[in-house]
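Take a look at this single chain in structure tokens; it is the form predicted on its own.
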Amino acid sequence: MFVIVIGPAAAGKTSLAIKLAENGILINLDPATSIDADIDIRKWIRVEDVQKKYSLGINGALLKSMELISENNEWIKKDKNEIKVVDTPGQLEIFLYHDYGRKIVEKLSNYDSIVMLFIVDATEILSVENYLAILAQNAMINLKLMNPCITVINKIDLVDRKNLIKYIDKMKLEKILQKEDVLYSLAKGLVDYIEYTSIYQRPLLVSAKTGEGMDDLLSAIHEIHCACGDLS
């Protein structure tokens, strides 16, 4: 099984990927950053080399690198008996606005089953608008990649859990929005995005740093490919 870790920069993707890979293989798919991984894409494709070869800026070089990665098979671990955790770059445009992410996911699906994790930084859920914007990104990536995706709220060791829960509960969230006249008209439609993420069925609150919630996350990863599992 490939577990593809997606999310914005600084959400704790790499820390979570490393923690999950204690039970399998870690694949670093970020051509701009080296980590201690079992398979590192930078062995074949490095952003700085692409930048020089194609005379591109750093952002253009990253996108070109992902295009090259989508065409390369050398980094793919094909053993179906292992969990293969794939850490990705924090630039969500790779998955939202370009086909490189989709092509990579489709290619991996030819070799093994796929589970995607969308990582949310709990410290960024400080307001309704932040939370809804994050969930909208999550839902759009689900739509673009068309694969099972688990929404994971990371870094819960750094936040007030009670304050966090008021955003996760849809009914409480709608009550908050009703008190915000200007925001309500803009955000009320976005509340429905919750139903296109796994938060609606089962909130997964974890800390890659302390290990809290990791057993529940591992269970959810396995459940998503079980005929009886529905994340509820």
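All residue numbers are counted from 1 along the displayed sequence. All figures in this text were calculated on a predicted structure; none of them were measured in a lab.
There is also a form predicted together with a small molecule; it is not shown, and the following applies to it.
Judged by heavy atoms within 4.5 Å of the small molecule in the predicted bound form, the contact stretch among the candidates 202-210, 169-177, 55-63, 42-50 is 202-210.
Within 4.5 Å of some heavy atom of the small molecule in the predicted bound form lies at least one heavy atom of A10. The small molecule in the predicted bound form comes within 4.5 Å of no heavy atom belonging to N138.
Heavy atoms of S219 never reach within 4.5 Å of the small molecule in the predicted bound form, leaving it off the interface. Taking non-hydrogen atoms only, S15 approaches the small molecule to within 4.5 angstroms in the predicted bound form. Proximity to the small molecule in the predicted bound form, taken as a non-hydrogen atom within 4.5 angstroms, holds for one residue of E106, D99, E71, D157, which is D157.
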